[in-house]
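Just the one chain here, the form predicted alone, laid out as structure tokens.
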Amino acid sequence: MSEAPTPLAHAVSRWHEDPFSRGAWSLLRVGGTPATRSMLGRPFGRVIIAGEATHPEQSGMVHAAFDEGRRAAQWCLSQGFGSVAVVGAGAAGIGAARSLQQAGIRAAVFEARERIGGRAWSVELPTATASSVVMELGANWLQQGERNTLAPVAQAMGCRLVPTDFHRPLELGHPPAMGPQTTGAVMAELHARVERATVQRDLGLAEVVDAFLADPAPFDRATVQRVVDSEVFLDTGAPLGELSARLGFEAGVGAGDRWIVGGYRSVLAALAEGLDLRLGTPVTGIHWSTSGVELRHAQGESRADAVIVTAPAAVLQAGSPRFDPPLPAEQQAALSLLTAGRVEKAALVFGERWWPRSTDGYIRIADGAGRISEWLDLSDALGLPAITAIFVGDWAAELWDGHDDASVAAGVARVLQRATESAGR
């Protein structure tokens, strides 16, 4: 294999080790249901938790977080609170604070990072020309078509939106690619087997998948494994044994998904304009009572009538911020039924495009069982050679852990080079 070209510029996520994310989006463990998410988002005292993890139907989505923030704001308004603290300046926090501000309510937003956006993180990278390019290290797409409440905002701003068809990727690597008909048939059979296996009780998804692999007819084992890797594991990044067979891989993408030229930051920055943002101010503790709330943070203490907490579920599970009194038993039980996968992203800019062109920029690369990555080629839309890669699970750990960003970028480029050469491109 020839040496992979060196990126002119790169950026690499570290979501797994980031104390303010602790992984990717939320997923349901065995026994979890949409009601689990609703329970987590149920108000207690003068506190309400909101974010993608509390949306019962559209978890894992930026617009779901935004909508949940607005839901939390409406609850605060219904209670007549005159001042509200918002923990987190991701989509949920921005949605909450904007709704409160529009209603004339004081809302201070406390954000641990020195930027807004949370797990939507747009970075600017230099190119071979005098220009730069904006690429995503977190959330990438406006998903779920007409259900996406941020899509009209992006359209009204005049953002250029580029569609992605996830059903027809350019597939590289081994084992061989599956066509859409085979993929659909295998997934239909998997869902049927899940339904039969979980009539009496929920199971870990791995238990159903393992039984399918042991008795794959009318398919072969390699076909089933490849489809599970690309359609289930790639969309979660979590060990399948941790996930609910019934609901561990919830419906998400595949209908009218588009990415924003210029990144999510353009939309979220516009929505955050004029808000009282306290960046670089992590909240470490929340004391709540029937008379109000008190926040302990890096700058001291703040008081408000109520608080909207938009920290990711995995961060709450780790005990940050610390609640005094502790979270009620119902919310603690809901948190215990959630998990988050390992998903990492690399953004690479080159002097020329040396990888194969796909129909609409979507590429999948397989490198054996359990090792699959997805790529979004931005080159045609941006007019320069740029590509992002998403790795999950153990493959992400192998490339990321113990390596600096430059080494990660080089390793990611080698994966693309190996797949390109194996395809004879």
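Note that residue numbering follows the sequence shown and begins at 1. This is a predicted model, so every value here is computed, not measured.
Keep in mind that the form predicted together with a small molecule is not shown, yet the notes after this line are about it.
Contact with the small molecule in the predicted bound form, defined as a heavy atom within 4.5 Å, is made by all three of Ala92, Ala139 and Val283.
Interface residue remark: Lys345 is counted as part of the site for the small molecule in the predicted bound form, having a heavy atom within 4.5 Å. Put simply, Arg113 is close to the small molecule in the predicted bound form: some heavy atom of it is within 4.5 Å. Contact between Arg119 and the small molecule in the predicted bound form is found at the 4.5 Å heavy atom cutoff. Mapping the unseen interface onto this chain, Val227 falls outside it, with no heavy atom inside 4.5 Å of the small molecule in the predicted bound form.
From the list 179 to 187, 314 to 322, 122 to 130, 195 to 203, the contact stretch for the small molecule in the predicted bound form under a 4.5 Å heavy atom rule is 314 to 322.
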